[in-house]
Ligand SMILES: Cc1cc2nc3c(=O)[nH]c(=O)nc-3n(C[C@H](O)[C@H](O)[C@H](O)COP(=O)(O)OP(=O)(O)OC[C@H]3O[C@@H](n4cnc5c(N)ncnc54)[C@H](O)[C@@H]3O)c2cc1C
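Let's start with one chain on its own, the form predicted on its own, as structure tokens.
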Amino acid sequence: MEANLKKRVVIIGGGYAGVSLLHKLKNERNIELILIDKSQSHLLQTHLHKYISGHYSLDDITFNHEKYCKENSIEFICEEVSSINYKDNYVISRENLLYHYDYLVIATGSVSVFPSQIKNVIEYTKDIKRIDNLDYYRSKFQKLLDSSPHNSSILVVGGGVSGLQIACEMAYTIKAKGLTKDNIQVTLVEGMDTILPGMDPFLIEKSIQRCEELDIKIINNLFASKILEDSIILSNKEEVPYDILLFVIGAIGNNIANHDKKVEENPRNQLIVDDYYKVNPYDNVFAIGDIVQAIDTNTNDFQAPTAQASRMQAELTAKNIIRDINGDTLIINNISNKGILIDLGGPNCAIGRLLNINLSGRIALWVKKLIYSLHTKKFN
């Protein structure tokens, strides 16, 4: 196909979904690829805990978009998209520049939740999905470790996977430095009746055991109601002091403003897609990753917003864009969660469930590292 007949595929967002799609389409000669992202770097959000605790460098968790795109003849535009004109097939940047497309893929990911009903939540919390905020927490943690601490406290609000991994990695690092909970107490606050709410009992049990080994204090069934400069007030009026506070209670879709009433969103700002990850009613617009509400074909429930799901959605969408260009029948959503792996701090401690098989220890950590290396291999 001649260069002027190439189909232009514009991808908004360079997270797991976006870069996985780039990787799948980069060798297609009849496609012109454009990546638009407001950040120069792809951030490996599954490994934030390793960076905050000082075990990984910035190079271990980020990859340069511009370098990757240049090496693969992909156009990279470092801008933020402010709106989408679905009817006329173009997006508009914050600089008021227009970028036309034949196919559009929205892969803008998610942003952390900071509920407005928690008093002072904006003043005293930072979004760990931003690299500059990660640097802030990493620096603060290192300074605390080096300060001969006594009766200091690290408070992690949110007992899901991200909060648990951060708490465990910090607590492990504290112990590795020869310090105890009398020096620095790590506390994990979860509003439900257990950490990892809704997950398999095996994962919950193993996680609680690991928290006990690392002297992590768990507070269940209580929510943060107010945040002060050096303490939080829980829903039972109890005041819990902190030297470092991390808020990891969930995320919502990082959607782009649009005035097209035909495009459906759910209450979590996610785009509702069809069985092909298309944004109805537009046949040339797809959405993948954390920004979408899609169905897990095994459970018939909504897919969890994970890196695993993002990669599988990207692979399916790449196939369908190619098939659509060639006039072939599209492949229907066949994606199902294969399992989960959780890092519990230290060189040999991880747990998981893959294909309904329980994993723990070195095997679980090895599988997690393998998946990490397969993703990073795209950039090497």
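Heads up: residue numbers just count along the shown sequence, starting at 1. None of the values given here were measured: they were computed from a predicted structure.
The same protein also has a form predicted in complex with the ligand, omitted here; what follows describes it.
K.L.:
In the predicted bound form, which of 41-49, 344-352, 54-62, 319-327 comes within 4.5 Å of the ligand (heavy atoms)?
P.N.:
Contact-bearing stretch, as computed: 41-49.
K.L.:
Under a 4.5 Å heavy atom criterion, is Lys129 part of the interface with the ligand in the predicted bound form?
P.N.:
Residue-level check for Lys129: yes, a contact with the ligand.
K.L.:
If we define contact as a non-hydrogen atom of the residue within 4.5 angstroms of the partner, is Ile31 a contact of the ligand in the predicted bound form?
P.N.:
No, Ile31 sits far enough from the ligand in the predicted bound form that none of its heavy atoms falls within 4.5 Å.
K.L.:
Against the ligand in the predicted bound form, would Ile36 count as a contact residue? Criterion: heavy atoms within 4.5 Å.
P.N.:
Output for Ile36 is yes: heavy atoms within 4.5 Å of the ligand.
K.L.:
Would you check, heavy atoms only and a 4.5 Å threshold, whether Ala17 touches the ligand in the predicted bound form?
P.N.:
Because a heavy atom of Ala17 falls inside 4.5 Å of the ligand in the predicted bound form, the answer is yes.
K.L.:
Within 4.5 Å of the ligand in the predicted bound form, heavy atoms considered, which of Ser207, Thr108, Gln270, Gln303?
P.N.:
Going through each option in turn, the one that passes is Thr108.
K.L.:
So which of Ala364, Leu22, Ile12, Val9 gets a non-hydrogen atom within 4.5 Å of the ligand in the predicted bound form?
P.N.:
Contact check passes for Ile12.
K.L.:
Please state whether every one of the three residues Glu79, Asn254 and Lys368 places a non-hydrogen atom within 4.5 angstroms of the ligand in the predicted bound form.
P.N.:
All three within 4.5 Å in the predicted bound form.
K.L.:
Considering only 298-313, what residues come within 4.5 Å of the ligand in the predicted bound form, judged by heavy atoms?
P.N.:
Contacts from 298-313: Pro305, Thr306, Ala307, Gln308, Ser310.
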